[in-house]
Every structure is written in structure tokens, then in C-alpha cells.
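There is one chain below, alone, in C-alpha cells, taken in the form predicted on its own.
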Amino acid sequence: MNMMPRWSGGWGVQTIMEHRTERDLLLGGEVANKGFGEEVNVLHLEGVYTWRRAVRLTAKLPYVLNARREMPDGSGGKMIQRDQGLGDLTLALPLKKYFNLDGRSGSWSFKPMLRVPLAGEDEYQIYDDAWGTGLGLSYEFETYRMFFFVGTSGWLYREDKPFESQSSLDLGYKFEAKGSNGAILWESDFQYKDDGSETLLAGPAFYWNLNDLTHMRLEWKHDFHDRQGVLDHGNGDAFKLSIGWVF
């Protein structure tokens, strides 16, 4: 939830329920097969440990509860493909440089990342099942009422997988209510692969810090622009519900 423990020895865990639906098969910017949908449900388990305010380790492990997609069967009909099980593990080492200014505080971040293949090889798989290395850069700040974040990351894979990147811009309004606090945000993500795929998805998010221990987050994003360099699903929506605990 971008709310890591900011003290030495701090740690936290969170679970994220993700539900994603996509309506069509795309090739380039055109609908190749209208109404050939995909539905994916994933449980994410994530953790963070803070050695010092500037140095952390994060681990993210997804588990595909169920995934189902419709593909052409070669004779004018549909065939159903399914996926279930572990996804690929992502490890990262976020390095932060904090600053405190008059009425504004924030940080710069540099994040080396490693993708560990655990998904297995199937005809249909949500995750790549390939070793990958990545780098992320970001800048964020907050005032008494405002939150701002901008960041970008890129991945290179050892297998025959395309380079991919994601860039994000988040704007938020912070509030306080009866001893708790939170934020209402508008988040925009641009995803790119060098096979010609690109997706712009955006939508609102609600973050609530119930107390010093428990955090919650609900978000929805819609594909406002979708282009697939190879035949793949698109034109969808994604919902996420997160619950986290910080110690």
C-alpha cells in the first residue's frame, strides 16, 4: 500500500485479493475476437522488513486461485483454458532518500528487483515462469492534505520474453476521521512491452489507516487504452482489496 514501516526493525505483511476481467481478444489496437473473455482471481501475499529507514527488503508471492480464458478453437468456436497455482516470486531491495521541507516531506527511491520463476510451464499461465531482473525509480511527497507519487520500472527476462515496463502517477487527498486517517486517490498506470503491447489503466483508490497496526485499501482500474502486440485479451477492469498489518 506504499506505507512501509519507516523505522529500524519494522516489518509488515499484507494480503491482496485481485479480481480481473477482460472482455475481448485483441491484436494490435483492433478487436480480433469480440466476446472472448478472461477472468482471473489472484491472492497476493506480500511482506516487508526495514533494516534502517533507507534500506528494506520486500517479497511478493501471488497464488492464482482460478483463471479462465476463452480462445478460438480453430473451427469457429471457443475452447476454455484454465490456470491455478503459484505465480512467480518477486524480491526487491528499496533504497530510499528522505527529505523534510517546509510543509512537505517525501522520498526518492531506487529499487533493484529479482523475479524467481515458480509458476511452472502450462499452455495457459498468468505468470511468465522466467528469471527476471528489474529496476525501479520513484519520487513521492505528501503535505498535510495532499499525496503525490510518480515512478517507473522495467524488467528484463532470461527466457524468450519481451522487455516490459510500468509507469505510474498517483494523486491523493488525505483526511482524518475519529482517530484514524486515510486518503482518496486517483491512480494511472501505463504498461508497455517491446512486442508492441501497451495498456493505459486508471481509476480511484481508497486507503484507510484504521490504527497504527491495521491498514486497508480498495481500488478499481479500467483499461482506457489497450493494444496487444500478440493475440491476447484486453479491454478489462481490475479490482483489488488489501489488508495489511505493520509492526
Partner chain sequence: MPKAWTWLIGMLLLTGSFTLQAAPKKYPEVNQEVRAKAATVVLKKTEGIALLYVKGLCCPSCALGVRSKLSKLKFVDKKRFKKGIDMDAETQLVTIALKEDQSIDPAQVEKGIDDAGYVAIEWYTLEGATLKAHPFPKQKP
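Not measured: the values here are computed from a predicted model. Positions refer to the first chain, counted from 1.
One more form of this protein should be noted, the form predicted in complex with its partner chain, which is absent from this view; the next part is about it.
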> Within a 4.5 Å heavy atom cut-off, is residue 53 in contact with its partner chain in the predicted bound form?
Replying inline: yes
> Is residue 142 close to its partner chain in the predicted bound form, meaning a heavy atom pair under 4.5 Å apart or at it?
Replying inline: yes
> So in the predicted bound form, does residue 240 come within 4.5 Å of its partner chain, heavy atom to heavy atom?
Replying inline: no
> Should residue 179 be counted as a contact of its partner chain in the predicted bound form, where contact means heavy atoms within 4.5 Å?
Replying inline: yes
> Want to guess which of 74 to 82, 87 to 95, 120 to 128, 168 to 176 is within 4.5 Å of its partner chain in the predicted bound form, heavy atoms only?
Replying inline: 168 to 176
>> Let me test this: is every residue among 155, 160 and 233 within 4.5 Å of its partner chain in the predicted bound form, going by heavy atom positions?
In response: no
> Of the residues 186, 63, 220, 49, which one places a heavy atom within 4.5 Å of its partner chain in the predicted bound form?
Replying inline: 186
>> Under the 4.5 Å heavy atom criterion, name the residues of 99 to 113 that approach its partner chain in the predicted bound form, in sequence order.
In response: 100, 101, 102, 103, 104, 105
